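Only one chain comes next, encoded as structure tokens, the form predicted on its own.
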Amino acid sequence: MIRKTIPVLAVGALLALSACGGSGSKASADGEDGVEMGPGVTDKEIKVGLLTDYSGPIAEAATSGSLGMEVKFDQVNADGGVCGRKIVAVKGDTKYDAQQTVQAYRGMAGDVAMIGEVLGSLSIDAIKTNLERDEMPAMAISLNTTTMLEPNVYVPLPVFEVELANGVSWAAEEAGASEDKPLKVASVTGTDDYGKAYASAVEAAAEAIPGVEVVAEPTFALTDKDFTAQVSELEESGADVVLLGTAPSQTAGVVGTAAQLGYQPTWISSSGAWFASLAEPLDGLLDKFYVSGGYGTLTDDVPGITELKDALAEYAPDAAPSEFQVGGWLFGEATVAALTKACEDGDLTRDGITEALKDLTVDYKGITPEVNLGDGDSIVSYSSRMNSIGPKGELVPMGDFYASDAAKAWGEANGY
């Protein structure tokens, strides 16, 4: 594999880099093939930054996702790369900490063509002004509309709001909800802008479906460890179905607390709310737990998954299988598609890559329906599918991908 880890910069160097902007975003030169080249690009390689948690609180899942992206690069490189250039992954450890994310970004900013992945809303918030200043194209693994609207940031998969809205639609259909047979739903979300967006998607979906009523919307702060108040509110509301716009740590806290209080609703989470490692601590509590996911699983019999498995066997044979590898592979597909288009256009500068991202169609080879990235501020797909939880925490598909009218109506109403 072609791997590079960013060097540790001295504090003085960091300050100097911050003071001068440091990205060299305007510098360019023509390559031997006539392609205009910007920072991070030579005649032999294209450097792509990966900003994720390699050693912090969610490192196990984050590292697995990053590996999926890296083996995609390895596969492409083995086939000759992008216009004869190898893709080099420049890895920055965010430790899922805002200050560390800024430092990791500064360490690579002057030496990469784009950021192929930034993990988490926290990290995007930390560097969004840097991305705009450096005219740095980036793709965010934080799959939500708030992130999507940041300058220079693309979200190449269905957002969590779509997953939750589709989850409401699925629950209503399963329950046979109608005016005569109402279904009470609730949401649990954070107090930040991201949480508010998730709650609004649930509200809009409920309003669009006859017989569905939102009866509770408890919220939590990211620092909360005790979820007794939120679960008590859910139980008192009589909610039959609870939509979780949570991170995995809050998922465990809410579901575990509900079990202690004897409250047993149907749980539906977004894909970002579930880690396979939760299966062990929540053993026996997942019979009515479902994940609305915007992309497929390692069990799918589609060309994209076959390619991923072959690449893992070739370039990371000792890696334990993980659904996060699927997500990373898809981000790799989108990155490769953008770089390929930019090269075809003769412009591998940051401006050229940004232009290539606009209206870029990405074929995920059956792992999820084909998407078009649009203007970067648009939802790329309204499709997701429901999954139950397998014995090892793996997602087990329950049907095909679908795009509910409720999700589409919510997106159209909000201009996405």
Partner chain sequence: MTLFLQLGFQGIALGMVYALIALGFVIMTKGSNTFNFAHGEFVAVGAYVVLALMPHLPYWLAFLGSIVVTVALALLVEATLLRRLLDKGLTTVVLATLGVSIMVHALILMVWGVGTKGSAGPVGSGTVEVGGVVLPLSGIATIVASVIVLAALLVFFRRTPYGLALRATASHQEAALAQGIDIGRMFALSWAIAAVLAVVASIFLASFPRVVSPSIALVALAAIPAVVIGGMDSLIGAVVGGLIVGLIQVLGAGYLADYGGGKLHEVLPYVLMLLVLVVRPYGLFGSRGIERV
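By rigid core we mean the largest C-alpha set that fits within 1.5 Å across both forms. Positions refer to the first chain, counted from 1. In this text, all values refer to a predicted model and were calculated from it rather than measured experimentally.
One more form of this protein exists, namely the form predicted in complex with its partner chain; it is left out here, but the text below deals with it.
The partner is not drawn, yet in the predicted complex one stretch among 104-112, 154-162, 219-227, 303-311 has residues with heavy atoms inside 4.5 Å of its partner chain: 219-227. Mapping the unseen interface onto this chain, residue 257 counts among the residues with a heavy atom inside 4.5 Å of its partner chain in the predicted complex. By the criterion of a heavy atom within 4.5 Å, residue 149 is excluded from the residues contacting its partner chain in the predicted complex. Its partner chain in the predicted complex comes within 4.5 Å of no heavy atom belonging to residue 78. With a 4.5 Å cutoff on heavy atoms, residue 282 counts as touching its partner chain in the predicted complex. Taken together, the three residues 191, 253 and 277 all lie with some non-hydrogen atom within 4.5 angstroms of its partner chain in the predicted complex. Listed residues 249, 340, 200, 237 were compared with its partner chain in the predicted complex; 249 is the one with a heavy atom within 4.5 Å. For the candidate set 130, 100, 232, 297, a heavy atom within 4.5 Å of its partner chain in the predicted complex is found for exactly one residue, namely 232. Taking a 4.5 Å heavy atom cutoff to its partner chain in the predicted complex, the contacting residues in 48-66 are 57, 58.
Once the rigid core is overlaid between this form and the one not shown, residue 284 counts among the residues whose Cα shifts by 2 Å or more.
After superposing the rigid core, the C-alpha of residue 130 moves by less than 2 Å between this form and the one not shown.
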